[in-house]
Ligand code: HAX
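As a starting point, one isolated chain is supplied in structure tokens, in the form predicted alone.
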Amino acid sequence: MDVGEGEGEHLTQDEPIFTVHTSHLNTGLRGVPVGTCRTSFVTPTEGVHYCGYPIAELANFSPEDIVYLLFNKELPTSEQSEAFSAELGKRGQVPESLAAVFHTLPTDGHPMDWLSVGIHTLGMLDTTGDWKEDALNLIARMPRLMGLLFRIREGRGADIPEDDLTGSMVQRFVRTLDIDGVDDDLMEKILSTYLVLHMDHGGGNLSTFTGKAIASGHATVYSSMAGAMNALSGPLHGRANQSCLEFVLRIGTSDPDEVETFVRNELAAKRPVYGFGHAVLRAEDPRATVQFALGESLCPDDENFKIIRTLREVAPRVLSENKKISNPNANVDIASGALLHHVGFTDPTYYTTFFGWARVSGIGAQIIDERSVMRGGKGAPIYRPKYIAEQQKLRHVE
């Protein structure tokens, strides 16, 4: 082990006095540059861009094409798209023992905990040790993992259809899920759009940062991704989309006056108004705009969609009364829950697993970049941020 790369590192009495920008301490690293990201970035007006493309221009592409883009930094030709989709299909076989592990888990455990366990299990069953191979294998196996997770946790673990590995990733998931009375084409359209919109969001969000930090110690892709899913599961990060649909269900009406009263009461009680605001954006999130357009096309009369349509008009106006709120506009979470609910996913506790499914692709691509592209192919070093003891003597730089 190299000195300074592991537990052998220690402080001595000759440790230098550090120059510290005290404004950076205890702020969750917000705004502090720590690396570079080759897959995506976010701008205040156009939101997230994948490899330079604004997300609004990519919303109608297939999830497979966006995975190709994140991994190769260019959109595929039609021939490349067909070949890449076929390759993912060949990689998609999930060991039967994954289902056996799922059958042992408590059904009242949160679906995100099941997702983390499922990814860890896949890693224990089959890890090549090659960053790209393992990342692509995991992406290819996520549809079956997700379908098994839903069915077994819901008590439908018997007579699960075989995964014949044909069709798109979303089609494989829908076939495994096999819900009666649901329009499969409608479900596939909404899920495909959801996955594309959620695949990546810069390098510094908590789950991506966590996954890359774990991988920096040369843990496997599977261990790194399981850790990333644990980070995503928190209510301040990925679980916000679950909270948003629960918020919409509490409103229960699309009447503008009643919705405004509800929002004002939430603010007066110092509770969050879910689905609005963004750390970087200063306009409506284009991912929300895309989903609203999709809802107007596919389910304009859905009761929950009518509620969020009203919220979209009412909440920004009420929130903008507070001059401290720099962006009162709709974000990606406001519409996704209503659309998922419309196609049969009526339990919002599952929503963050869809977020995790999508983000596996972006985090996987970023792990590959950090481990095998950065620093001329040597990869970025192990993450070792500096923490300052309160008693340590500092030279302050304000």
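Each residue number is its position in the shown sequence, starting from 1. All of these numbers come straight from a predicted model, not from anything done at the bench.
A second form of this protein, the form predicted in complex with the named molecule, is not displayed here; the remarks below concern that form.
*Give a yes/no on whether Tyr222 approaches the named molecule to within 4.5 Å in the predicted bound form, heavy atoms considered.*
Heavy-atom contact with the named molecule at 4.5 Å: absent for Tyr222.
_Residue-level question: is Ser40 within 4.5 Å of the named molecule in the predicted bound form, judged on heavy atoms?_
Because no heavy atom of Ser40 falls inside 4.5 Å of the named molecule in the predicted bound form, the answer is no.
*Does the 4.5 Å heavy atom contact test between His278 and the named molecule in the predicted bound form come out positive?*
His278: contacts the named molecule in the predicted bound form.
*asked:* Residue-level contact is defined here as any heavy atom of the residue lying within 4.5 Å of the named molecule in the predicted bound form; does Asn327 satisfy this criterion?
replied: Yes.
_Give me the residue from Arg250, Lys90, Arg271, Arg317 that has a heavy atom within 4.5 Å of the named molecule in the predicted bound form._
Flagged contact: Arg271.
_To verify the annotation, which of these, Leu339, Ile368, Leu70, Val332, has a non-hydrogen atom within 4.5 Å of the named molecule in the predicted bound form?_
Selected residue: Val332.
*Heavy atoms within 4.5 Å of the named molecule in the predicted bound form: which of the stretches 319-327, 296-304, 112-120, 93-101 has them?*
Selected stretch: 319-327.
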